[in-house]
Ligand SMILES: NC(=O)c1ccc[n+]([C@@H]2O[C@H](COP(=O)([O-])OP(=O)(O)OC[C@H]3O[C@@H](n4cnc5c(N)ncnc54)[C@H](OP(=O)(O)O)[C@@H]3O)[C@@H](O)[C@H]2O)c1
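What follows is one chain in structure tokens, specifically the form predicted alone.
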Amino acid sequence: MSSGVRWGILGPGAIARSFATAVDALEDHEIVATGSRNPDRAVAFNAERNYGAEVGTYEQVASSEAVDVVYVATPHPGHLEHAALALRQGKAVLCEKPLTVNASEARAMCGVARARGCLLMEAMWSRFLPATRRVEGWLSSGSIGEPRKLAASFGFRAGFDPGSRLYAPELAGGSLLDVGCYTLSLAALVFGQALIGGEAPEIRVEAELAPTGVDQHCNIVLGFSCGAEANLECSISRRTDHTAAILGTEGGITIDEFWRARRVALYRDSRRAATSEFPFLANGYEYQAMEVARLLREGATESPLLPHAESIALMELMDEIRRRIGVRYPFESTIGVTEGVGERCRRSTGA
């Protein structure tokens, strides 16, 4: 790798624009190539941002000697194909959330990265924010004792449009994969091994399905054997409160707009003990890029802040939730969950 980080983008859409804005604000980071199935879109992306970046197909960007890291920002069903394409060329990969559309694909992607010895990280940008790291620190230091309850919701109103990716089953649409993954990621941060590697949580879920068959609203309750509970809500059909609250045996934490957190507060004895504010350097997406740069310098192949095992486990959990609400995408023969969170849940509940 050169002294800076040279990025290639696959899929110059809306999320790639947000990421590019963040990269542009960082020293020693540069977008040097843009790949699209439609060359005109890549040309337009470069022109609106005044980039002199290469333009090419996904294959050309993935194999370009000018590129250190490939950022995969294509629609969900393309993540495995496009990340694997880059990994097999020896490139590091930052792949948009959710990592894939199901656990089988997530295991396959991580397997390619492992076989090639390349860095792979899921672009769950909320996990790398300084505010989230402060919450993680409070939890690990025991500032609120043992976490007992989490309440988190993320919902917005998008009018029903069968042509929108949000409502299109062939594009793995629905609220769970689009925004529910944020709530589950926070649950993993709060409850750690109890969710990822320990005894399976009890899952209760209610969902509203859109006319296209994808989930437009989900209420999810995860119950743990210790008595702790996560109450999660996600929606693309209604606006919800984006504040998250964590209640522990000795205090609590609130996170304003937890998925793009800049302000967090710690409570002890029903009184505010600390408030921390973390203005973004750019728009928040920069922190995952900075983590990639750190990992490249250290020669690491995954991030300790979001290891492959967690990305896979949360895909397993989303598979099980989809199985229970009856959402399967047309390109899936089955929602294949094996020996993961979903399988452990089925064994423990007899579902």
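Computed from a predicted model, the values in this text were never measured in an experiment. In case it trips you up, residue 1 is the first one in the sequence shown, and so on.
Another form, the form predicted in complex with the ligand, is not on view; read the next lines as being about it.
The closest heavy atom approach of residue 74 to the ligand in the predicted complex falls within 4.5 Å. Among heavy atoms of residue 25, none comes within 4.5 Å of the ligand in the predicted complex. The ligand in the predicted complex is not approached by residue 147, whose heavy atoms all lie more than 4.5 angstroms from it.
At least one heavy atom of residue 79 is located within 4.5 Å of the ligand in the predicted complex. For the marked spot (134, 248 and 278), a heavy atom within 4.5 Å of the ligand in the predicted complex is absent from each of the three residues. Scanning 200, 112, 189, 171 against the ligand in the predicted complex with a 4.5 Å heavy atom cut-off leaves one residue, 171. A heavy atom within 4.5 Å of the ligand in the predicted complex is found for one listed residue only; from 105, 178, 229, 233, this is 178. The stretch in contact with the ligand in the predicted complex, judged by heavy atoms within 4.5 Å, is 89-97, chosen from 237-245, 215-223, 201-209, 89-97. Residues 123, 125 of 120-158 are found to place at least one heavy atom within 4.5 Å of the ligand in the predicted complex.
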